[in-house]
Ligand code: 13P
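Presented as structure tokens, the chain that follows is alone, the form predicted alone.
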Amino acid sequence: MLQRLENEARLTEEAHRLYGLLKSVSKEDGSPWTYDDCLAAAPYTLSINRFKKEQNAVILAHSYTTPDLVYGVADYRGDSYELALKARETSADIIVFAGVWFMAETAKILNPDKKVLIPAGRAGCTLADAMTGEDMQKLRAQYPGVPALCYINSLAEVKAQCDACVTSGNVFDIAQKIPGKELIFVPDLLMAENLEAELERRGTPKKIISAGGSCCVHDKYRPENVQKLRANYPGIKVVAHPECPIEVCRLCDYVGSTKGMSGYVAQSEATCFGMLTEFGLVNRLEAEHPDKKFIWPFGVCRYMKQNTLANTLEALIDPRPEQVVEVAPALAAAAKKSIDKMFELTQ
């Protein structure tokens, strides 16, 4: 009886902790996170936090995952670049990467001797899945001698054949540093258009040769979404990710990475923001800036949302084979060169 009462007290305390973090956060249908939602999550967050401590594990959660993961159990939260840095720096024995496959794969490449787990298993990405190593090989053969950059949203077999990797936060600066008038950029066709335009604006024009696909969230936004936000919310600041179409980006007040958008919101004196990005970032901003209003038209990455508290706990206790990330040593060594080059060029 006493143990049961102690357990109930711990659950109540944890639910209050979570609710304090999530009470200003909304769900996809617009309803708020409730105390009951937090009470339902509490057994999982308590167990996960206990197991990760026992196993010397660190949990990295991308901003697009759910807020109960981001604020309930993550040791670090952020975008692809921030989390790649944390993966490189960690002293933990186990890395649990709540994200999609290419992210966990990158963590393994940076930590070949550590155990890397991904709760969602082989969760895909429409960008990473748009290009194979064979596709990249053919593209480089078609344009011999042209430098090649790959977005971090690419598979290890693509990274292994590129000169450097980039993220949405450093792509413009790194591309500007690459010599020559032509540049291969894969696999985001829409970011390639924004990259070419930005280099032209900076006075360092390059012809961007691209192949691949687009983000299943950001490619859906259209100029009328921006126009509607401005019509309905006078004074609104509209922000977008460079994975959006160029005709959308040209209408926005700020275009940048997930971290960049967060910084813009934090520093702006505006109180209302139109968010042309994935819903998880909206949740983070709601939690961190409860005094500001965020208008989100639509956009959810179902791949990211495959990470849950339940499968995070499963990965820690008894991971399924598809939750354990492995990269062949030769492939990892080749891919690591392009990732290391990104860190070097970002300094």
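All residue numbers are counted from 1 along the displayed sequence. This structure is a prediction, so every number in the text was calculated from the model and none was measured.
One more form of this protein exists, namely the form predicted in complex with 1,3-dihydroxyacetonephosphate; it is left out here, but the text below deals with it.
Exactly one listed residue, out of Thr90, Asn111, Ser257, Gln161, brings a non-hydrogen atom to within 4.5 Å of 1,3-dihydroxyacetonephosphate in the model of the complex: Ser257. Between 42-50, 58-66, 287-295, 28-36, the stretch whose residues reach within 4.5 angstroms of 1,3-dihydroxyacetonephosphate in the model of the complex through a non-hydrogen atom is 58-66. Not displayed here, 1,3-dihydroxyacetonephosphate is approached by Met103 to within 4.5 Å at the level of heavy atoms in the model of the complex.
1,3-dihydroxyacetonephosphate in the model of the complex is not approached by Asn194, whose heavy atoms all lie more than 4.5 angstroms from it. The closest non-hydrogen atom of Tyr151 lies within 4.5 Å of 1,3-dihydroxyacetonephosphate in the model of the complex.
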